[in-house]
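Consider the single chain below, provided in structure tokens and representing the form predicted alone.
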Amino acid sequence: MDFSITKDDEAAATAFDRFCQDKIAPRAAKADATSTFPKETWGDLKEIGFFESFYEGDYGLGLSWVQRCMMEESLAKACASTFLTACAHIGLCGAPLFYFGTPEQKQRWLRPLVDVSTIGCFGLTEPGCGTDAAAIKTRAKKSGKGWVLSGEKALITNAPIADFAVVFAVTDPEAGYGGVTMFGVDLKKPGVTRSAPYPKMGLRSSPTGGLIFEEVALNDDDVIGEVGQGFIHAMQTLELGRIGMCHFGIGIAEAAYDCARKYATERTAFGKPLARLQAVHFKIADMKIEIDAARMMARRVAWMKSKGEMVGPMASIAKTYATEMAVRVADAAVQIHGGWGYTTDFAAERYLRDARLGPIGEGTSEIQRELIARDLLAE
């Protein structure tokens, strides 16, 4: 395995990390406290080319997967809410268009996402189904030269602020997995309404909400990919999302580790810095061990992806470990801070709240273990 990058690429990654710490990180605490996504961040990310880092050709910079790893880690470390909003926009929403859309659909929908003239979201989860994606109840019925969409989506990142959504609906109820189709939906269309943003435990400045479709008229050219192939397209997109969630976990863990190490070296107890107490410095060592292990897993997946290899099981392994690791590391950071870790005076509590989404989003840890076991037993 070769995870190396050129000196120019390393310099670019370092510059992006510096940008994230200078521009993004200082806004994170206030944005979390007010549950408001800082709009100026969107412009900053566009200016530095973050949204173009996901694709190639006319729609991107053609960066390697390892380069993307480094950028996503830096963004998640600076502000996990910004990472979630930005990656749901250009990753989850943009990927189906880039990989399965027609040239016309890419120009119509992907170009505005890359240019950030529109905001996108990914409409798969529903009030009654999340992990069981095949159980969706949203329907799209054929009508003349188009379709009529009805149903409800829930827990959708960016739904309260999005202009456009990739939406999954059942088009053939008798066909099971083969009866789901993917659509591009302008959320300004008649019949579309959205819920108020959900109050959340963490990631509060990344708006999450629901979408309701009441007989929304769609055209045949609103179908992304092939009719009946939506479930497969959803699973392929979520595999990419799992790779992103690795970096989500690693970035949060790095931020938690940094704040814990800083606090432990500055705070004294029993006449010495906390960091000199064995119970604390062993905890700090374990945090670093876990972060580096997760990073190696994520880098391996990126390397495999860059070689065109199948990454399904390894992506599940890396996602499960990295996101659960982030919860452990963030919890350790709170513990090192003691009582102060339970207050909003320090960022440790925010990191723990934010990290907790990791084992749930983009496929729960339980479904990842199911997928991993199926692959192992199939061998």
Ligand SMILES: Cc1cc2nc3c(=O)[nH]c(=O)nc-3n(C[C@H](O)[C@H](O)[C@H](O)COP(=O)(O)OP(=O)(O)OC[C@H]3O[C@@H](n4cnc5c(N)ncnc54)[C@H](O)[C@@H]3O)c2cc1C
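Numbering starts at 1 and runs along the sequence shown. What you see is a predicted model; the values in this text were computed from it and never measured.
Omitted here: the form predicted in complex with the ligand. The next part is about that form.
Contact check for A13: no non-hydrogen atom falls within 4.5 Å of the ligand in the predicted bound form. Contact annotation: G123 falls within 4.5 Å of the ligand in the predicted bound form, judged by heavy atom distances. Residue contact with the ligand in the predicted bound form: D17 places no heavy atom within 4.5 Å of it. Contact annotation for T181: none of its heavy atoms lies within 4.5 Å of the ligand in the predicted bound form. The stretch in contact with the ligand in the predicted bound form, judged by heavy atoms within 4.5 Å, is 156-164, chosen from 99-107, 222-230, 156-164, 284-292. For the residues S117, T268, T131, T193, the 4.5 Å heavy atom test against the ligand in the predicted bound form is passed only by T131. Between the ligand and the residues T237, T208, T85, T138, the one pair within 4.5 Å by heavy atoms in the predicted bound form involves T208. Contact residues in stretch 180-206 (any heavy atom within 4.5 Å of the ligand, taken in the predicted bound form) are limited to K200.
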